[in-house]
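Have a look below at one chain only, the form predicted on its own, in structure tokens format.
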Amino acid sequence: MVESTGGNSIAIDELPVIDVNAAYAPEADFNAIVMAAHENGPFAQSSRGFEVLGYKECMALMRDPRLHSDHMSLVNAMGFPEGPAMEFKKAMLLSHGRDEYRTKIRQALTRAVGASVIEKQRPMIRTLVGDILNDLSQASESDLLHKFAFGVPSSLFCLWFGAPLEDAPWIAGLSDRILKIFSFDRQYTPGIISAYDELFPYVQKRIDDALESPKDNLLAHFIAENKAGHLTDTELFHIVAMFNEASTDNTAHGIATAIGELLGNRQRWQQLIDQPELIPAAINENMRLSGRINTLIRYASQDIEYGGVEIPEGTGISFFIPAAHRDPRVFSLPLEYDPTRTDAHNLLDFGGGVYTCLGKHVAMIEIQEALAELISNYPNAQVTNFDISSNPFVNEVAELKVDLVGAST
């Protein structure tokens, strides 16, 4: 439980103002805006409402049991019609509070993709990454966004759930269409619904095929849990659908961003060639400064007073992740990239507490192995085109072209 500081408290509308939208304008100096906001304390108000800028405050409030996720508010804001997609969204973990269903499904997922379990699959993931990289054309411009960054997580889904590897591009596209929900833009809603209409029969086919011809993979694990009575048929279906939905997009953009930012800076890339043991730290540091997620939202389940601020029940709380990752009270020289920094902390991109992303371990291994294989096989590679767009909610790589052979150094 987060403890309040006591004393006189203030309302949210008395907090300093930060214009989050202006920070992402093309001509804006994002770092200057964020650092100026930090001078006024760890909290602010914006057109979105209550903003949490401080790292420690984000970490504490993400774990506070008085806060909850409300995915259905986003679903409703996006105008989802009644139907299979809406029913599936109601079953998602983000749509549940601290109830028995959430506990049951999280426990099942942790048994399947917990840190120790996933670490044992690192050699298999390394082999998969290497195979995909070897299949790439070594033309002057290789499309590493779609063929590599998206190819790695979608191909892993195929291996885990018994799908043909040739389905990987379609799976990647499906995940990308579905996760447009986090754009907060209704223009994408018809495409999202259409993607779910394609996803659900595909998921059922994966399950039916696995029952008819069992394989030693992750789907077999969940089917065993189903047969043992730990998961109902509906819960089994929802878990497979959730993996398909979330297995690709965020990880793909994480891989592409790491390649674009690190390979695009020759000094940083050379450091990793010389010291490959720094790859995990370099990825973390790069994610600190340029992660996939810019905002996570939670809601107050009751009236809260925290850090001297009154937070009424139902208030939306925006965790402004890039600001927290630049908190000068926590990170020395917060705007500088330094993979050897001694004040490194857990990243906030994956949430915290009971809403921590359960796929974070596999996502980080995929990014690490993708970068390691690229460094090992193509140390002289050069970025020829890297385009990343940002908004208050996510960063999205639009293009990543790389000359794999490059020039000898």
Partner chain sequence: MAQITYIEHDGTEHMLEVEVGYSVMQAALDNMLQGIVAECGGACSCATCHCYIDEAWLYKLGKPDVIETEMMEFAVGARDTSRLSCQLQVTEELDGLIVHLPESQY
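Please read all numbers here as calculations on a predicted model, not as lab measurements. Numbering follows the first chain given and starts at 1.
The next section is about a form of this same protein that is not shown, the form predicted together with its partner chain.
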Could you tell me which one of Gln267, Ser213, Ser116, Gln187 places a heavy atom within 4.5 Å of its partner chain in the predicted bound form?
-> Ser116
Among the candidate residues Arg292, Lys147, Arg106, His96, which is the single one with a non-hydrogen atom no more than 4.5 Å from its partner chain in the predicted bound form?
-> Arg106
Segment assignment from 98-106, 71-79, 163-171, 245-253: heavy atom within 4.5 Å of its partner chain in the predicted bound form | 98-106
Given that the partner is absent here, does Gly41 sit within 4.5 Å of its partner chain in the predicted bound form, heavy atoms only?
-> no
Counting only non-hydrogen atoms and a 4.5 angstroms cut-off, does Ser137 reach its partner chain in the predicted bound form?
-> no
Does its partner chain get within 4.5 angstroms of any non-hydrogen atom of Ile33 in the predicted bound form?
-> no
Any chance Arg66 has a heavy atom within 4.5 Å of its partner chain in the predicted bound form?
-> no
Applying a 4.5 angstroms cut-off on non-hydrogen atoms, the residues of 175-199 near its partner chain in the predicted bound form are none
